[in-house]
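Have a look below at one chain only, the form predicted alone, in structure tokens format.
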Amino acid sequence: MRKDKPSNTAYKVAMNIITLGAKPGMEKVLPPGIVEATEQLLLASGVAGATSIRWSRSRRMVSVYEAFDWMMPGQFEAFAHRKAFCERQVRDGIGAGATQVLVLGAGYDTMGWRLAPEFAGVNFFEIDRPATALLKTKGIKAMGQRDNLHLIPEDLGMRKLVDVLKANQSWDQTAQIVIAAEGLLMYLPPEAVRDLFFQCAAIAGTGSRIAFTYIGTGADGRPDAGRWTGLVLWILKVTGEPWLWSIRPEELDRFLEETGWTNAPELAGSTGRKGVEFFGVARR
């Protein structure tokens, strides 16, 4: 991934969400308002044009996605379940006393913008690389800034999460928080993933939780994308956003304990996977 370019993956995920809005039945899975807000954000930020949006929200584009679903079976619809999972964790975490929400690698996700007015006493923070975050900031300003939504353009590969948040006057270092790392971990080197969980533990007060998605490790030691793993990994590599980290679900307990967390599968709602991703929750 080129640091000076907006994330292509973030763009593809956002367009996928718009197309899912045109698939019958997905309205029962997708969080309310997410499709409309995503369209608005992409247009307002200049990330996508009206023609692209119209094409993406068509039944024909649904058919295109479904035609390629053989490569990673179930992954098209899995994006809807992934969004719903993270939003449920945030809502549940707030219900349990969290007063801050931190979204890592936020891309063009609209959860913070949508939930901020509903939870006026909660501060929402989003961090992403400047090339993506600055475009999003442009769109959010056009859509209507929320006083309790804080967009932070930072490359966490260049600066520690702990230092980034300490420098933000709105961040409360003692608060109970919810951290969301959706569709992020697989793009980080193994040492960076471990360090990120350590840093998240350092900023999380008692009762905090982290919700994340991850790729399982196959028998050959590579990230497991199913039958066509080799092809998928090659495509990701040549397009500049390769998968670098994965873990076997049975190894997750120990990994989390070693990084300051306790696995909490009972909070995830499901221990299975959607598409090629597993959903995980841990608590402090």
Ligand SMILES: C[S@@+](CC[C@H](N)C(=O)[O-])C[C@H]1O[C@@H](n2cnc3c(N)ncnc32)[C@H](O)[C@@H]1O
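Quick caveat: nothing in here was measured; it's all calculated off a predicted structure. Residue numbers run from 1 along the displayed sequence.
Heads up, the form predicted in complex with the ligand isn't pictured, but that's what we're talking about next.
- In summary, the region of this chain contacting the ligand in the model of the complex, judged by heavy atoms within 4.5 Å and restricted to 102-110, 70-78, 198-206, 162-170, corresponds to 102-110.
- Contact annotation: residue 140 falls outside 4.5 Å of the ligand in the model of the complex, judged by heavy atom distances.
- Contact annotation: residue 87 falls outside 4.5 Å of the ligand in the model of the complex, judged by heavy atom distances.
- Within 4.5 Å of any heavy atom of the ligand in the model of the complex lies no heavy atom of residue 20.
- Interface residue remark: residue 92 is not counted as part of the site for the ligand in the model of the complex, having no heavy atom within 4.5 Å.
- Just one of 157, 97, 117, 190 comes within 4.5 Å of the ligand in the model of the complex, counting any heavy atom, and that one is 157.
- With contact defined as any non-hydrogen atom lying within 4.5 angstroms of the ligand in the model of the complex, the contacting residues in 172-203 are 182, 183, 184, 187, 188, given in sequence order.
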